[in-house]
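Take a look at this one chain, the form predicted on its own, written out in structure tokens.
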């Protein structure tokens, strides 16, 4: 086995995604993923805690990116605008991975356990955003409301982004969804 070949994580991720798509998440084993990637199960577990983490390993990176963007927002930015800048920046990171995002979404949508895990990760992301706002001096309930609204905007824009056949721009869909939210809350 080519366990010392470069990009083991990427090869494992690709193998897992192929197998999850072909056979389903529940029917795929770690041994099969490792074999398809030309690696050992031990190598798999060096990179991922379990087969679910193949789908969720990037959430910490995305969370840190969001938090850093909130921290870097201008001091004069309203809480929702700091959140909007963060989720738009996160969308820009994902823009080039649209096909992967579609595939990942389909795998998660087909499995209740994975849908639950996705909701937990989004909840953690919202909590991290709210904490970032509190560090900027935003009080309650504004910090939690802005963070939750931001995650809702992100989810709605994401669904639109992966479901359209045209090469839509994810950050633009974030901006449009945020404008829709503002219109709804303004009573227009």
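Being a predicted model, the structure only gives us computed values, none of them experimental. Residue numbers count along the first chain shown, from 1.
Keep in mind that the form predicted together with another copy of the chain is missing from the display, and what follows is about it.
With a 4.5 Å cutoff on heavy atoms, residue 180 counts as touching another copy of the chain in the predicted complex. In the predicted complex, another copy of the chain lies farther than 4.5 Å from every heavy atom of residue 61. In the predicted complex, residue 34 stays away from another copy of the chain, with no heavy atom inside 4.5 Å. Another copy of the chain is not shown here, but in the predicted complex it comes within 4.5 Å of a heavy atom of residue 145. Checking 22-30, 41-49, 152-160, 61-69 against another copy of the chain in the predicted complex, the stretch whose residues place heavy atoms within 4.5 Å of it is 152-160. Of the listed positions (110, 78, 93, 101), a single one reaches within 4.5 angstroms of another copy of the chain by any non-hydrogen atom in the predicted complex, namely 78. Residues of 95-112 are not found to place any heavy atom within 4.5 Å of another copy of the chain in the predicted complex.
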